[in-house]
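For reference, the chain that follows is the form predicted alone, supplied as structure tokens.
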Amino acid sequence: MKRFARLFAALDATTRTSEKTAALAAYFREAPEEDRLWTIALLSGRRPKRAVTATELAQWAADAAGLPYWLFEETYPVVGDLAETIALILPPPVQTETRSLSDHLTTLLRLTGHPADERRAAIVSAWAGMEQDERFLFNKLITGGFRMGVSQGLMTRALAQATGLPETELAHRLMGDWTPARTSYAALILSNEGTGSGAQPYPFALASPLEADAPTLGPPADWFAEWKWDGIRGQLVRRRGAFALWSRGEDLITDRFPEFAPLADFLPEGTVIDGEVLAWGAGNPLPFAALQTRIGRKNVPRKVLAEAPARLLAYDLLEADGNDLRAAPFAQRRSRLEAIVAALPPDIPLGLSPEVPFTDWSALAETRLGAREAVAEGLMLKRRTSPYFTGRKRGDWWKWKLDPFTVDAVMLYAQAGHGRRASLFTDFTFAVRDGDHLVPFAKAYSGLTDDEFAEITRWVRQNTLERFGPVRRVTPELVFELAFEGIQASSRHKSGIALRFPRMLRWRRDKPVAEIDTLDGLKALLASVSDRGQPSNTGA
């Protein structure tokens, strides 16, 4: 655990990618294989299930520190982070232990479902042998809040440096449904057994936002355009008797979309397709809100299946006849994809993402303005000669999205952030006018600079009206312009609406509360959502 804590400190001390990569590569060369495997798992989102609730952890820490629980509750909002609060209040270690990262995580896994007294004894015993920095990380692992500020791509690059294996090959090996409990470092990283076998997906290729003018990309004939669909990105794998649908987050979602099961009988052996899962009705995609009724469900009721049937629109062909096609030009992969889809029965819920033909950039710009009528977010642009790369590689794939919707709202509540922003108020609840009242309708925590957050934090402390644990109700004076990608009805919110991907565009110092937008305006925007999807106007 001490070695892992030193790695965390080294990564937290720098913003330079080269230094982070070097620190990780050194760790992967020197750490025990069990710790390497767990570190890879943690950095690729495979965290252990929570064995302890936050309330239990706080109570046990207060008892271990000899503090009344009410005092712990007063301390926590000041620090702003549960793991850090516990690490700060615990007494110095009474013993020196050398237990490894894998030892501690294996213990946490074993504790799941055990009686509270047994779990408490194990956690308190672990705290007693740790220094403060180790306790902080241990607490983060317990609560599920562990973050290291390292992308999976950077981790893979460091692993490639440490092992001498190709980065693209390692990225593929790390995909799929594996956990440290079911494999070893040697089997996952050093063996060829898992690569390309069974239902393992490939790393997804990602597009970059197009910020320059489209004509700067060069001749239109070099580019392929299609709609940027608003669904769930997925890979459909039919290989060696296995059939699976993977989300971009590496979740196995096959059982959530049973309508795709017949594809196992019609897709050729050794086929991997990249595409977008959409809710589908009357020959057209439905708004993302319809698909949301199926997200997170392990068992999909017949009613939901009938109201939001799914269809996969295929973007790309990554494997055919068991051969990896990712290095081939996009135009060639697309041609082979078209042949596979054309051979499927017409009632199969898989189709091509249609090409949006164009001969000049100005005409394509006009077409893009109709994206919402197509229930899309904008356009995707792909260079016809491009390979299917790993991760985000600027230059070959671009997403040309529409401008977001916007609304002016006032801040009602503020809450401190986490990690390096634990001392700042960064999470805000916003309201719009409803007659003489202010109605909360959205939360946002991104979009402003650190300097702006620091200024707002000072203002919040001077203008707090009430406290509810870590949340503060403030004087409704600060107005912000919020951006969002979509709007839908919601029975869970007092306002009756929910926004998709809300974030702060700017602090409207020039605007008084009397001039913020109204709930009626948002409801009118919601009402303009037709069967075709999002409305054509761009403001609330």
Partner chain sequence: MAQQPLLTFTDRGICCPEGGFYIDPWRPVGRALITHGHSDHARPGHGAYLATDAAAPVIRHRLGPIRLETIGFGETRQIGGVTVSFHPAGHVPGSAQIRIERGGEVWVVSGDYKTEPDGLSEPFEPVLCHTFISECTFGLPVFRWAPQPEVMARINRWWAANAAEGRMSILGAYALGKAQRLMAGLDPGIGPLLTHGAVEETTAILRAQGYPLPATTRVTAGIDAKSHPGALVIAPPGAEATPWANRFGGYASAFVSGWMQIRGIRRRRGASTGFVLSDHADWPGLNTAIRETGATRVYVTHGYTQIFRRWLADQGYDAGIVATEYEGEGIEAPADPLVEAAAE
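Numbering follows the first chain given and starts at 1. We call the rigid core whatever largest set of C-alpha positions still superposes within 1.5 Å between the two forms. Please read these numbers as outputs of a predicted model, since none were measured by experiment.
Absent from the display: the form predicted together with the partner chain. The rest refers to it.
- Proximity to the partner chain in the model of the complex, defined as a heavy atom within 4.5 Å, holds among L90, A244, I273, V150 only for L90.
- The partner is absent here, but in the model of the complex a heavy atom of V78, alone among L190, V78, A331, V94, sits within 4.5 Å of the partner chain.
- Annotation: in the model of the complex, residues D251, D396 and G417 none come within 4.5 Å of the partner chain through any heavy atom.
- Checking 503 to 511, 476 to 484, 38 to 46, 60 to 68 against the partner chain in the model of the complex, the stretch whose residues place heavy atoms within 4.5 Å of it is 60 to 68.
- Looking at P440, you'd find a heavy atom of it within 4.5 angstroms of the partner chain in the model of the complex.
- Looking at F4, you'd find every heavy atom of it more than 4.5 angstroms from the partner chain in the model of the complex.
- Shown alone here, E74 lies within 4.5 Å of the partner chain in the model of the complex, counting heavy atoms only.
- Using a 4.5 angstroms threshold between heavy atoms, R29 stays clear of the partner chain in the model of the complex.
- Interface residues of 489 to 522, taken as those with a heavy atom within 4.5 Å of the partner chain in the model of the complex (partner not displayed): R492, H493, K494, in sequence order.
- After superposing the rigid core, the Cα of T254 is displaced by less than 2 Å between the shown form and the other one.
- Core-superposed comparison between the shown form and the other one: the Cα of R135 travels 2 Å or more.
- Once the rigid core is used as the reference frame, the Cα position of R110 differs between the shown form and the other one by less than 2 Å.
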